[in-house]
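The data below hold one chain only, encoded as structure tokens and taken in the form predicted on its own.
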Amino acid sequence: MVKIIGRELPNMPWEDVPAGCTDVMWRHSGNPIMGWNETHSCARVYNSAVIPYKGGFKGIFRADHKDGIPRLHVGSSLDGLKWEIEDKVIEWRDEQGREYNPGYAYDPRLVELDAKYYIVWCTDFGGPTLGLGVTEDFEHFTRLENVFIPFNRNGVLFPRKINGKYMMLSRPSDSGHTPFGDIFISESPDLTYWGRHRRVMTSGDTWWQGKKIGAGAVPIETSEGWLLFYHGVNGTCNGFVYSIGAALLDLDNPAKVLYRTRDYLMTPQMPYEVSGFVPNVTFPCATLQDAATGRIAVYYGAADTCLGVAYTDVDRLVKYMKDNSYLLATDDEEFR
């Protein structure tokens, strides 16, 4: 039996697998849980991150405003499904207390680390790269040094130090709609200086992830390894298609891939995933999980328009990964 290493979370969202469903992941019956015009200033809310907080849940939400610019907002929920989004944009101060707000901010990831809550997002810095900030109360936000120079996206912090170092996944990119991308890992002694970069996974030779890949939710520590949900992108004659896959990384050396889904776990097929501001997108950004039951809820952006939830459990998923896995020769050849 695979065990999730972490807290019990009995109040997390959950629905049992529907009758007749043979998929490894299944969608919440009330999807989408968030979409158009959630607040006065917000046009669309999607690609967002959530976390347990004081018996309920907090989230950092990507909201594309009515001027077209993406910004970050705080949200609160009692059940992880019905959310109250603050209309006020997160206001950042640097470590000296001076105003330090980004011109744009999108696709946040959120992790509890060292009894604080860290946010990684794509920010402007002479081109898109990874911003890093921290809060203790979701009311006051301190912006730290940007993690990398341009161009980079999909920054995901691990929820604890590994071998005494902070670890972050990222996807080096370009200034536009990147037609390439592999997942890399970097380490830091202090969350300021990052180095010892290693490639973890390459875009695959299966078509659903043949164009590019990127880390999704914060890795989940399990007895079998770090469970990572990621997105894979196929380039079709009608544009990109974003699907969801998973990988299992070594606990002590997460640059080493143990298993990786050969087939996607989920791909755009529901109307709210296929049709929208950017069609054909399922983009994982966060999970909630319960160590007692092994249940996992995956939060994902749909068609760059709304936010959905899907479910799986760790035993079912890891068994599927082991039975349906493949590794490219380049996935971790430098680390064997």
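Values in this document were obtained by computation on a predicted structure and should not be read as measured data. Note that residue numbering begins at 1 and tracks the sequence as displayed.
One more form of this protein exists, namely the form predicted together with a small molecule; it is left out here, but the text below deals with it.
- Taking the partner from elsewhere, residue 61 is found to have every heavy atom lying beyond 4.5 Å of the small molecule in the predicted bound form.
- Within 4.5 Å of any heavy atom of the small molecule in the predicted bound form lies no heavy atom of residue 299.
- Contact annotation: residue 290 falls outside 4.5 Å of the small molecule in the predicted bound form, judged by heavy atom distances.
- At the 4.5 Å threshold, heavy atoms of residue 107 reach the small molecule in the predicted bound form.
- For the options 45, 309, 281, 50, the residue carrying a heavy atom within 4.5 angstroms of the small molecule in the predicted bound form is 281.
- The candidate stretches are 52-60, 273-281, 290-298, 28-36, and the one lying within 4.5 Å of the small molecule in the predicted bound form by heavy atoms is 273-281.
- Candidate site formed by 212, 242 and 304: every one of these residues places a non-hydrogen atom within 4.5 angstroms of the small molecule in the predicted bound form.
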